[in-house]
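First comes one chain, alone, set out as structure tokens in the form predicted on its own.
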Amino acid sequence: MKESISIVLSGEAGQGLQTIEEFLVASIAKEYYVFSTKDVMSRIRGGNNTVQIRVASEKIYASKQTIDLLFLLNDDAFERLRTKVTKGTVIFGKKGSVKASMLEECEASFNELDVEELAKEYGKIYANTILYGFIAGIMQLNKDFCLQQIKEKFQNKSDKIVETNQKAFTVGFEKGQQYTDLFNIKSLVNPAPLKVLDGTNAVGIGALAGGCNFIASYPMSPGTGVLTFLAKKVKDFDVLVEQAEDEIAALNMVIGSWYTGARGLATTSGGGFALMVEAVSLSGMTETPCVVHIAQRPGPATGLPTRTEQADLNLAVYAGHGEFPRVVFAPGNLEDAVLLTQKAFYIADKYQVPVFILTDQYLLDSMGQMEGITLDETYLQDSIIETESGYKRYQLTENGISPRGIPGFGSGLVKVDSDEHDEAGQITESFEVRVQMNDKRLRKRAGLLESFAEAELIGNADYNTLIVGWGSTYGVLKEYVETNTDSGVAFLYVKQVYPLHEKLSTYFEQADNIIVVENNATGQLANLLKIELNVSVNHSILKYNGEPFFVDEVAQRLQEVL
């Protein structure tokens, strides 16, 4: 594990934790590498939420389990975090916020910090600004930049609000400077300018880069953020946004948009996607493209609606009745959240199939830094043709892809039907035509594999132990391999989890020991490797309590099987 400091803020909903996180991450990113994530209860106010901000002088992509600096904003905050507190943890909070017996048990040190008392002169609502200043003081962050951030954040309110926030920040900053010895991470010299964003924004950017100009969704966390992101881009990118009456309508609207030549997106989570399944089949039968972003959270049913899991891979792979091709992308970092989402629109358009972007709460709600990337402009090219008289929407072709016309573009008639149909789109009950059409649709698999999103091998190419991961386990596994002294270990990051290309087999043939790490209870990717590639996994490391894997935790669990 890389040397780092983990700062955890713990309080209830409504105390401004998200605002502090945004301020701190933006400020820290100017001088260090930073990764932040959050653990949120499913309630509007109250409860106990935490934000963890991990700071390092090397690139990091994940959070760790143990806490170095803990800031308690309410009396209920400590008990839920006891297992993550060590004797090296330094706690700040109001007097009495932690029972003496608890402190003695965990051997952590406690420092009194009452931000509400410090905020009395300005008002209780400024307590979070004081805490922002206090932490910035400990880290000796650039004060001028922090004050400028506050000005930009509140400039649309009033000069008084800006001035009062800046005064509150300064009070905290000066108090925090008394504890600078608690922070010993070296700052970066001439740090490269990196973009700070979260996974939600990355998926949204990728959608725009892929030419998305329509989104229809019914809100369901954690997928809703992409809907609101695109709603803010309506004017800049000419995107039509529709909050549908339910998920079934949302995906049917998206399919309708593609039918008329648009590039539509539906964003949802597992529960919402379950409702969309019939529409997925409609996309498969009519060969109308669609793109769906599935943001996983623990199920079944409502499950843990604000926590994370990777348990909807099977749902995405097998969604819909009948047999038809589809693609499932699973980005694990910010760069791939942009690039794979962009690619999803191109693949859907080219092969006329449903394409799913499978993320999860942890990836979407975590903030990190991203280097500049190059977008592929060819992904904006569509495969729509101008139709002529006698046009056959479902013309039988060798590769299974029929020329796709849209209504009003050309002289041909574009007929589609959810019943089985002939080449012209006319309903048929011919057994012979049924087989021809089913085979035509399934022939697209070969083309989809030609467009396979390459997996990435991280670590020594001369490995004998191969760790396999997908989606948001990328960060912890990458850090494990980068810091592990055993050069015989490598990490295979699978970005396209369906269909799987047989060339992946070469990675597995080299390994004596194959370990798959997943945030689910049954090893869904490991099972898919067996079905698709006949790969037998030696060990599955699984976690399904609603939390992501942590870097220190995954290292311990991997050591148990190595």
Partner chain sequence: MKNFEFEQELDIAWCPGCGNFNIRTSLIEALQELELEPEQVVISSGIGQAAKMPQYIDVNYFNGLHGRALPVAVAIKAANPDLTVIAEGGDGDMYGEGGNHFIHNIRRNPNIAHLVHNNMVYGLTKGQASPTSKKSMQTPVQTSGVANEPFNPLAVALSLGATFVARAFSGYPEQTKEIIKQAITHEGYALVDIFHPCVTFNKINNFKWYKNNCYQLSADYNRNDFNMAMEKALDVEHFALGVLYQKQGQPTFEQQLPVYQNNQQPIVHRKRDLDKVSELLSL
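Computed from a predicted structure; not experimentally measured. Numbering follows the first chain given and starts at 1.
Omitted here: the form predicted in complex with its partner chain. The next part is about that form.
Against its partner chain in the predicted complex, the set 367, 468 and 492 makes no contact: no member has a heavy atom within 4.5 Å. Interface membership of residue 263, defined by any non-hydrogen atom within 4.5 Å of its partner chain in the predicted complex, is confirmed.
When its partner chain is considered in the predicted complex, residue 457 lies well away from it, no heavy atom lying within 4.5 Å.
At least one heavy atom of residue 246 is located within 4.5 Å of its partner chain in the predicted complex. Contact check for residue 484: every heavy atom lies farther than 4.5 Å from its partner chain in the predicted complex. From the list 113-121, 202-210, 468-476, 164-172, the contact stretch for its partner chain in the predicted complex under a 4.5 Å heavy atom rule is 202-210. Checked against its partner chain in the predicted complex, the candidates 107, 377, 79, 432 yield a single residue with a heavy atom inside 4.5 Å, and that residue is 377.
Note on the partner interface in the predicted complex: the residue among 488, 305, 425, 320 having a heavy atom within 4.5 angstroms of its partner chain is 425. Shown without its partner, the chain has 278, 279, 282 in segment 271-285 as residues with a non-hydrogen atom within 4.5 angstroms of its partner chain in the predicted complex.
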